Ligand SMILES: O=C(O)Cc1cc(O)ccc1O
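This document opens with one chain alone, in structure tokens, the form predicted alone.
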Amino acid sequence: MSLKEFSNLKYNTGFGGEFASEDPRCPESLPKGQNNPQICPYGLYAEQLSGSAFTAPRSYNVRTWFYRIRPAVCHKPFSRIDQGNMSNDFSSTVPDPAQTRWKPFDFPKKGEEIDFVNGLATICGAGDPKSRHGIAIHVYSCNISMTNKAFYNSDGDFLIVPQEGSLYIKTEMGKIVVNPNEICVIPMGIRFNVSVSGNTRGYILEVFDAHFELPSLGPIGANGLANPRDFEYPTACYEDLDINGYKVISKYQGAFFEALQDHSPFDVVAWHGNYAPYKYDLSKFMVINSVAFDHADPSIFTVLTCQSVKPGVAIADFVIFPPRWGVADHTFRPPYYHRNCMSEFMGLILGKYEAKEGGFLPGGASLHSMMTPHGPDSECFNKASTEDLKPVRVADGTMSFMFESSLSMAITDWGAKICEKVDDEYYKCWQGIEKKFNPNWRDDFSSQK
């Protein structure tokens, strides 16, 4: 596949919008005034993809109508295939509450050719896709494009965070290019193909319960954080290719299945609806922060959320820590020491994370489980406790993120042992924290005045 076909792409804009798109090669390919005419323009087939129950409230009801050269049902029977290091089995390992950090995950070894699907590996997660409740966190590492192969997830939505290398993604709705410092969400059921140029690596958050949405803004008002206008959706771009042995891979109940067909599945000439993949540039996030004193909770950095049935409690939040100004007075400005009823998985896209400038590296990760204490290392604490509190830029040249969940996640066998990336000396970053307690502080402070 030539990557030239991904140049000069046009996008629809607006989070959760109701879009209508036609490939310009086939004008007026969308039916007029109805979804399912007896005969569709150009001899196309009408097909609906539902991302919610038919009877879901209108504000949560998502679906898209395709007008395609062949309906998606035109494939041979599914057969089970090897799923590599992907897993939704979170009960096989012994629970461990320890703070865990992973060194950067490996690229494919020299001489190996691994595409996006074969390069998927699961680090941790909770729940079960059969009951439609839970999450999984994966990494991907690949160096070749998917050839005559498409993938779709029957279990949930993928939120993809590239760390190294761009992703050239072909979907049923059209094409998307996702670069490092951008993200892409591919909702459940949408078929896609990933092309790459050389070593490529990143992270994936998978949610089983519901779809990602923008967080409520409350007292912030109508604008701020990730603004809806900055989310970009593909436009229709069909390919009419007859290819014997084209593979369509389904992730279903945590297992992989393959069906063969004799044509490309990316044959959608036109579509309309509000259920589609999208991308977002993290540099467009409008940061909200403290401008007086104290350290605001990280929820102010939430880009997207997948809510549970409990108000204000997320199955998963996608949170970023972008470049910004630090101006708080009388305040320890880095993240505070903390124990949380949520699980916190962090990754680093580029640069150095402010609370741990050594050891936590781009392409690596950390997991701080429920109620396990964590916070800045001793070097960060000492520096931030004595620095001049003038306005300073924070995190320039850096982008870190957090997958935060109300679920208690377990690490897979691959994440605990097979990947061989666990940093056994992570705990040492806190061992240099000194006892500074002084029972005579009031007297000493008075004498210094």
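Since this is a predicted model, take the numbers as computed values, not measurements. The first residue of the shown sequence is 1; numbering continues from there.
Although it is not shown, the form predicted in complex with the ligand is what the next lines describe.
Open site. The ligand, superposed from its pose in the predicted bound form, has no atom within 2.4 Å of any backbone or C-beta atom of the chain shown. With the ligand omitted here, the record of contacts in the predicted bound form names 334-342 of 214-222, 254-262, 199-207, 334-342, defined by a heavy atom within 4.5 Å. The ligand is not shown here, and in the predicted bound form it never comes within 4.5 Å of any heavy atom of residue 380.
In the predicted bound form, the ligand lies farther than 4.5 Å from every heavy atom of residue 104.
Not displayed here, the ligand is kept clear of residue 126 by more than 4.5 Å at the level of heavy atoms in the predicted bound form. Under a 4.5 angstroms non-hydrogen atom cutoff, the ligand in the predicted bound form lacks residue 130 among its neighbouring residues. Here the marked residues 321, 353 and 402 all reach the ligand in the predicted bound form, each with a heavy atom within 4.5 angstroms. For the candidate set 374, 175, 272, 191, a heavy atom within 4.5 Å of the ligand in the predicted bound form is found for exactly one residue, namely 374. In summary, among the residues 186, 282, 346, 146, the only one with a non-hydrogen atom within 4.5 Å of the ligand in the predicted bound form is 346.
Contacts between 237-267 and the ligand, taken as any heavy atom within 4.5 Å in the predicted bound form, involve no residue at all.
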